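We begin with a single chain expressed as structure tokens, specifically the form predicted alone.
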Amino acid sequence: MTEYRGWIHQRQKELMQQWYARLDESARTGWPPAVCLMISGNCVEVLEAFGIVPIYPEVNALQLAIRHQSLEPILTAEEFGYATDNCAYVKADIGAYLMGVTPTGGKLPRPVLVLCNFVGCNTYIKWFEHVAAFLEAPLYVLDVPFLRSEEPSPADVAYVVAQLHEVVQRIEEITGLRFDMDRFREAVRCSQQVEELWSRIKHLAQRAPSPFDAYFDAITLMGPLYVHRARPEGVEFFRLALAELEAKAARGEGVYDREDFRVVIEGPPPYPYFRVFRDMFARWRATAVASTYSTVGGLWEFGFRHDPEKPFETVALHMLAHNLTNRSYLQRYDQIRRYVQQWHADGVIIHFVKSCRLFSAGQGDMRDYFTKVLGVPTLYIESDLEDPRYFAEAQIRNRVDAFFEALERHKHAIAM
């Protein structure tokens, strides 16, 4: 396996460390100010206009899990009163607050504002209510209407834009800083450039062999994508990453010495067992050519871009329509169908997350749709994205192996 390492991997680590260093500095000195924010469909460009550093509770929870540090915070939160079937991201994050631990050992600042950009998941509201209560910080819930059709109505866009202006006013009142329109437009321009570069990277996976894995390798890229999307560092990172992957594609190099299977993956990975899970696919030389999880922060490979000429409006459009979690199941079906057809996939893998019922509910019907309606081989497996207690390695490995054995026979029959 020609694994995704080298410059990209090292620079990704540096950029994440740089973000945590900004948070640590904010905790020690009070500058720059910090604001809690969700990943999905967020308005980080508004924060950049003030020079504010975002705190992402999801990223902190994810980092705890991938570093095998999530179980103790989860148990702490359960001892505090959180139910065993509550979102494990929430429990890891809240438990870490209660314990006073962070993924890097540094400090997290007290936010000047807890900004809940409510997109798709009603757990976000209670999660951020609790964060605000524990940290004694003011809470603002930015209400984003659910996408009810292919495009949001002008009234929906105006509704979100009005709230964005309220957020600007609230931050000015809390911090004494003034909103910098030029800096806002520049942040939106950086987002536009990052989205274009990221989209071009995602489209490289349409090639055979794909030069990168659009699930496991994409997760390496998603840290800088979310933390530095609206910053020059993000533009530089993705420009160089695209150049490296284009060169790899031009040489005809894939993820493995040969590419035997191409799959689309739905759902986040089991982060506490990320390496083990990836190896289950690597032994079959199965490359993920597309994934829904890589579009949680933004769905850009189908054309949407932020626009510095219409900054507030396109930030609102991104929050409303161009991220995975604010869309209906039928829209997610269509997204996966397009991946299967346009990225030339052999099958679909659905990873059900036990502690995330809102995201995972209905995935059984999704499996039936792809297998019975579209005739696409589909595997359905269960574990958790954060809680290591819900990962049954032998059972999952057996199901993955059986799926690829069947897929191998299916491909052979088609070839004949």
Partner chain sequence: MDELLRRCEEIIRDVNFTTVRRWKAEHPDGKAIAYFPVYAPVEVIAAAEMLPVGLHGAGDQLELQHADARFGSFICSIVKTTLELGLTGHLAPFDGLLFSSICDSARNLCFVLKRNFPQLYVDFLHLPHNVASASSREFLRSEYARLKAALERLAERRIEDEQLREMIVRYNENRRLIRRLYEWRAEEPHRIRAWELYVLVRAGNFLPVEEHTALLRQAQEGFARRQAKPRDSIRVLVESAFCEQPPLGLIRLLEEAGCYIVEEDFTLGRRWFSEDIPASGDPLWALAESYLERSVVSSVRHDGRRPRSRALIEKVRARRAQAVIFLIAKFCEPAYFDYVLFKRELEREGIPHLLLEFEEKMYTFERLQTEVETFVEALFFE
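Positions refer to the first chain, counted from 1. Just so we're clear, the structure is a prediction, and the values are computed from it rather than from any experiment.
What comes next is about the form predicted together with its partner chain, which is not displayed.
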| query | finding |
| --- | --- |
| Site check S40, Y56 and R305: each within 4.5 Å of its partner chain in the model of the complex by heavy atom | no |
| Touches its partner chain in the model of the complex: E244 (any heavy atom, 4.5 Å) | no |
| Proximity of E382 to its partner chain in the model of the complex, heavy atoms at 4.5 Å | yes |
| R327: touches its partner chain in the model of the complex, heavy atom cutoff 4.5 angstroms | yes |
| Non-hydrogen atom contact K107 with its partner chain in the model of the complex at 4.5 angstroms | no |
| Partner-proximal stretch of 341-349, 159-167, 207-215, 177-185 relative to its partner chain in the model of the complex, 4.5 angstroms, heavy atom | 159-167 |
| Interface residue in the model of the complex among H130, R189, R337, H228, criterion: non-hydrogen atom within 4.5 angstroms of its partner chain | H130 |
| Candidate from D257, E309, E173, D85 lying within 4.5 Å of its partner chain in the model of the complex - any heavy atom | D85 |
| Neighbours of its partner chain in the model of the complex among 135-171 [non-hydrogen atom within 4.5 angstroms] | Y140, V141, D143, V144, P145, F146, R148, A155, D156, Y159, A162, Q163, E166 |
